[in-house]
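Only one chain comes next, encoded as structure tokens, the form predicted alone.
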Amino acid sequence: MTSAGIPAVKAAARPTGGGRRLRLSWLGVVPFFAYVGVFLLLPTVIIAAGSFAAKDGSLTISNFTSINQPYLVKSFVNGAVVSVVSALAGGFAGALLAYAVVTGSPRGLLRRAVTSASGVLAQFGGVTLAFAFLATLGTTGVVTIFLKDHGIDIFPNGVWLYELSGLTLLYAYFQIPLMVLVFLPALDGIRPQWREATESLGGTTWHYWRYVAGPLLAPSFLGCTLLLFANAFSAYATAQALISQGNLIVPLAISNLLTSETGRAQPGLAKALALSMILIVTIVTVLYAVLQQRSARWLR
């Protein structure tokens, strides 16, 4: 067939209906959007609608005005403190561990071991994590009893473990490996040639981190730290297993408002608290995405 006949064949192969042929590539994202719609958007709509409903079914905004009660405000403050401290501790420790891993061989045993362990430990939470710490540092924990037998009582009866300090320690346990996982790609984007260029221009290690690597990694580090904050702020299972009573943080307050044994449950107020948490986590997530997009311009 001559080359002159090829355009005629292509023209004959085009649809003659005048419309464009429907592309089927979008079908691959249908399960994702279905999952988001059923497990994220639909519960959010239900919570938003319930937060404006009174017990008799009428519309009201009293659920939001009731959030200013002292014990609920304190739960927000406590949750923010635990989230900030655990995010900063996990962020710095995880970043240092990730940098130590990056300095080694990209396919070495150390990197594979650390990333595999981080993937497991980042999901190690809830009842399992709380029980592990209670069995270790609780009132009758192994370490607590061992230290008491040797005349050392640095953990007074393990009471601190059931307070904000103990909850922060538990959160930091899974925040560090999560930081390793999310910060490694940013460190991989730092090119060795940039350090060589700094040294060839007479710069020191301080100059390299101050003017080159530091500014490039700062948006990614801040974004990952915000992700850790959102992860801790919305955590529930670990706190519930460690602290069975009280309204220490917002998720526990929501649980207590939904499950009252004396008939004083306030589902509308619980949903208003949940909606407030959703808004806070959404804002933090958007800031994380913006910072990650900014750092991706250079770290590719």
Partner chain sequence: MNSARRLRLRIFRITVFLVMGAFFLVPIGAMFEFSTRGNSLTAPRTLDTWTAIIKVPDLVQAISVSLQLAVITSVAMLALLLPTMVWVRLRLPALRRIIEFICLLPLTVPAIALVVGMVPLYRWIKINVSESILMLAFAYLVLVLPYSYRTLDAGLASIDLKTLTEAARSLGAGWGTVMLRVVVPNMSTAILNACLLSVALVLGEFTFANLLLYENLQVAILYQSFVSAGTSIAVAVAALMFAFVLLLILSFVGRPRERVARAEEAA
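Numbering follows the first chain given and starts at 1. None of these values were measured; they are calculated from a predicted model. Only the largest set of C-alpha atoms that superpose within 1.5 Å between the two forms is called the rigid core.
What follows is about the form predicted together with the partner chain, which we do not show.
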* **Touches the partner chain in the predicted complex: Gly104 (any heavy atom, 4.5 Å)** => yes
* Asked: Any chance Arg112 has a heavy atom within 4.5 Å of the partner chain in the predicted complex?
  -> yes
* Asked: With a 4.5 Å heavy atom cut-off, would you call Ile278 a contact of the partner chain in the predicted complex?
  -> yes
* Asked: Would Gly28 count as touching the partner chain in the predicted complex under a 4.5 Å heavy atom rule?
  -> yes
* Structure fact -> Contact with the partner chain in the predicted complex, heavy atom within 4.5 Å, among Trp194, Trp160, Phe131, Tyr211 goes to Phe131
* To do: Find the only residue in Ala218, Val143, Val81, Val73 having a heavy atom within 4.5 Å of the partner chain in the predicted complex.
  => Val143
* Asked: Exactly one stretch in 218-226, 73-81, 113-121, 183-191 has heavy atoms within 4.5 Å of the partner chain in the predicted complex; which is it?
  -> 113-121
* in the predicted complex, which residues of 76-93 put a heavy atom within 4.5 Å of the partner chain? -> Ala93
* **CA of Pro31, rigid core aligned, shift of 2 Å or more between the shown form and the other one** => yes
* Is there a C-alpha shift of 2 Å or more at Leu42 between the shown form and the other one once the rigid core is superposed? -> yes
* Compare the position of the CA of Lys148 between the shown form and the other one after a rigid core fit and state whether the shift reaches 2 Å. => yes
